[in-house]
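Before any questions on binding or motion, here is one chain by itself as structure tokens, the form predicted alone.
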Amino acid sequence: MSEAGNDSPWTATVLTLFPAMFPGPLGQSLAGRALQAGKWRLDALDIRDFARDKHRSVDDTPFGGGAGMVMRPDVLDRAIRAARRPGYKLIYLSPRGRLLTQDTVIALSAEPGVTLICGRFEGVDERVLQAHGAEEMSVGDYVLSGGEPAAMVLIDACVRLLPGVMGNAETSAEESFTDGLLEYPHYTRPALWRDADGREWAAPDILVSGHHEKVKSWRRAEAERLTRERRPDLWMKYLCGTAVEAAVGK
């Protein structure tokens, strides 16, 4: 059951030219076990099934000229109409879309599910996106050969937040981006590790001290340090958020 209160499991419906790519990595580990257990559902629809010519054509040359091909609006329209469910957000995976963030993932995982369009070629006809009010979403500032890997990223991020998927609820509360910071470093046994070159590496003394409050403070400080050094954009947002909270609390 999704957190939206639907009796059916959270469902990802994927429109793709390569349905055999699914579930792929989503059939393994946490997502795979949850899929087998019925905690979520995956439907991969072949866009070519909605073509109406003997060659199952889904693309054509772009108006105005240029390299590559463009996915036809009529074929994709039929696929979308067959796949969409009431209350499901329609998302087109695209490098020009809004960046996928943890806040977005949290919101999507609380809905009944999502319908994802995986583009290929040079993209899809703009009109079909406008006709259906599709939201464009990007998983990063780079270009993939198709939307399928991006769809898997989005689905995996959502599925792990569904009730009963992760064994320890505290784990997700301490991960990167949960409170605007990157995650702190992790260490485990042995406390003193010697690598293959003979160098010795000791775990921070504070982590083996048994002082839980000091450990908590150390982790927070490390999360802040890493965010400041590696993601100055996140650090500035975090500082602004902290300043607003302080002002409201006065």
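Numbers for residues come from their place in the sequence shown, where the first is 1. Fair warning: this is a prediction, and the values are worked out from it, not measured in the lab.
Here the subject shifts to the form predicted in complex with a small molecule, a form of this protein not shown in this document.
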Q.
Does any part of A150 reach within 4.5 Å of the small molecule in the model of the complex? Heavy atoms only, please.
A. yes
Subject >> V159: touches the small molecule in the model of the complex, heavy atom cutoff 4.5 angstroms >> reply: no
Review point. According to a 4.5 angstroms non-hydrogen atom cut-off, is T104 in contact with the small molecule in the model of the complex?
Key: no
Please determine whether L76 contacts the small molecule in the model of the complex, using a 4.5 Å cut-off between heavy atoms. no
The stretch from 118-126, 76-84, 159-167, 105-113 that lies within 4.5 Å of the small molecule in the model of the complex, judged by heavy atoms, is 118-126
Next on the checklist: Does the small molecule, in the model of the complex, lie within 4.5 angstroms of each residue among L181, M236 and G241, using heavy atoms as the measure?
Outcome noted: no
